[in-house]
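First, one chain by itself in structure tokens, the form predicted on its own.
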Amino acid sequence: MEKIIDFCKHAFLKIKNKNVNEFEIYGSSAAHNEIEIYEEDIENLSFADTKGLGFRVFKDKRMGYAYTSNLSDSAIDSCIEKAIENSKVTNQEEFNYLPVKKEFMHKDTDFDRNVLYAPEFIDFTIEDKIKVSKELELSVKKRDKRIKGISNLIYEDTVSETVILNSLGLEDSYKASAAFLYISVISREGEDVSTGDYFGYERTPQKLNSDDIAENAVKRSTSLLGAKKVKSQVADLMLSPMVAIQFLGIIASVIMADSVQKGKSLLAGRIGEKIFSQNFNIVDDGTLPDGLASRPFDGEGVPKGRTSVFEKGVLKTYLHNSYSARKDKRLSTGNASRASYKSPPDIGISNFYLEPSDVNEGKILQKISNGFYVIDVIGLHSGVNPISGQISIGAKGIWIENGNLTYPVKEVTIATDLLRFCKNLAEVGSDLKFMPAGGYIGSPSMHIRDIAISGS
């Protein structure tokens, strides 16, 4: 069967003689499996095999884009013509052209792209995938008699190949694999019902740890049974890594250069300012060896690398693609992002994480005399204003007294703003955890001082 790179090369011959200044061909193919299990039966089993090409053309500082999943000769011809036609009606902007090497923050690296794809992936059959999913359900149910059901159990995997060719001579590609296993657990004690979830995410399903997923899902559900309300007060928070990751996702959203340039970020104009009171480092590393969002190049072929976004608490840079970098007279950080061949480059994170400390999270907990250990939050994204930074979200977890976890707590609202949150972040643990969230975001536990908590 013809590979996606062959279609790209064939399309290149078609477009190179067209009356355009520059062009780019982005090709991707993916094989995706999804399995849903309910009560030890297969509720859904699906497979999708997709291929497509996206054409970006530049003519007289205007950009046109079109894509096709039909890879016949006539469909490719038609798509190229559509991209050219689209370029005639878009805005003329001086920053519309392909990226060139002098604009790159990260030069070509010796990143080992072999780590992106696990060859043993193909040895794991569909029967194996069903088996590991069912075993997870059984493992959860036998761990605690209070487990009464499973609300969601999903297995997904993908093998993909990405190719970029352009008129400046770029021709590059990579292959990647990933497997994901998720479960949401329902527990009951008397009339009280609680839910909890957990997941595993690896390059190959053979490395998924069902026991770890089951243990954490059960713990997150049962630990909140019998939860009480607390009085409104100001107290310290300790965020579990799963919750800290979600807050870090808010920070990621306001350091995207396009959001800053559109006036949609409270961090606009703050390069060089100390945003965190402590010397925390936050990086976006597109070549992290174990990073599930690692790639040799971004969505427009710019090399990826390790970008220090916050260094010792100081905001050092926004994340850029080539277009936003030109507007700010900066270098591209290699953060052009594409959901698929169906869209032109946007801006997104890769492996975005807060560097951990060497302090055990248990020792941090011991320092908190009165506080709230947050296990889960509700409505985080709808409860945050990226321009004002105001945060108001629901939360549940366990109350802390004299350094000890005491009783579960529910129906709590956390109210603060993003800048205060950053200033009040006092310490982080050593328990760095990653999860997929518009990229691959990682954080250890966080200790935040003096946050308003609304309860009864």
Partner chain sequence: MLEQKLIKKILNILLSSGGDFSEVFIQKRNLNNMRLDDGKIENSTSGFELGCGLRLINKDSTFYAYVDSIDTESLLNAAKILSSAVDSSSKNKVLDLSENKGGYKANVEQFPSDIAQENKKSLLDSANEKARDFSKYIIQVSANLSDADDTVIIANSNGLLINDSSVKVFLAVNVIAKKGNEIRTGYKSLARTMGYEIFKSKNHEAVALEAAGIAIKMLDAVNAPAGSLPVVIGPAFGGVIFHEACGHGLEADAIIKDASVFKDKINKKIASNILTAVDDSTLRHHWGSYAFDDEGCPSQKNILIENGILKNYIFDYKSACKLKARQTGNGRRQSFRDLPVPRMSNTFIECGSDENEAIIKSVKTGIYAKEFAGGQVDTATGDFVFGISEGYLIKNGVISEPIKGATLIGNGPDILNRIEAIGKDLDFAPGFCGKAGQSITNEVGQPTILIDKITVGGTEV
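This one's a predicted model, so the numbers in the text were calculated from it and none came from an experiment. Positions refer to the first chain, counted from 1.
In what follows, reference is made to the form predicted together with the partner chain, a form of this protein that is not presented.
Of the candidate stretches 174-182, 301-309, 111-119, 75-83, only 75-83 has residues whose heavy atoms lie within 4.5 Å of the partner chain in the predicted bound form.
Interface membership of residue 416, defined by any non-hydrogen atom within 4.5 Å of the partner chain in the predicted bound form, is confirmed.
At a distance threshold of 4.5 angstroms between non-hydrogen atoms, residue 367 is out of contact with the partner chain in the predicted bound form. Proximity of residue 327 to the partner chain in the predicted bound form: non-hydrogen atoms within 4.5 Å are present. Although the partner is absent here, residue 93 is a contact residue: one of its heavy atoms lies within 4.5 angstroms of the partner chain in the predicted bound form. Proximity of 45, 151 and 263 to the partner chain in the predicted bound form is complete: all three residues have a non-hydrogen atom within 4.5 angstroms.
Of the residues 141, 342, 363, 274, just one reaches the partner chain in the predicted bound form with a heavy atom at 4.5 Å or closer; this is 342. Residue-level contacts in the predicted bound form: of 316, 188, 219, 207, one residue has a heavy atom within 4.5 Å of the partner chain, and it is 188. Of all the residues from 39-66, those having a non-hydrogen atom no more than 4.5 Å from the partner chain in the predicted bound form are 41, 42, 43, 44, 45, 46, 47, 48, 49, 50, 51, 63, 64, 65, 66.
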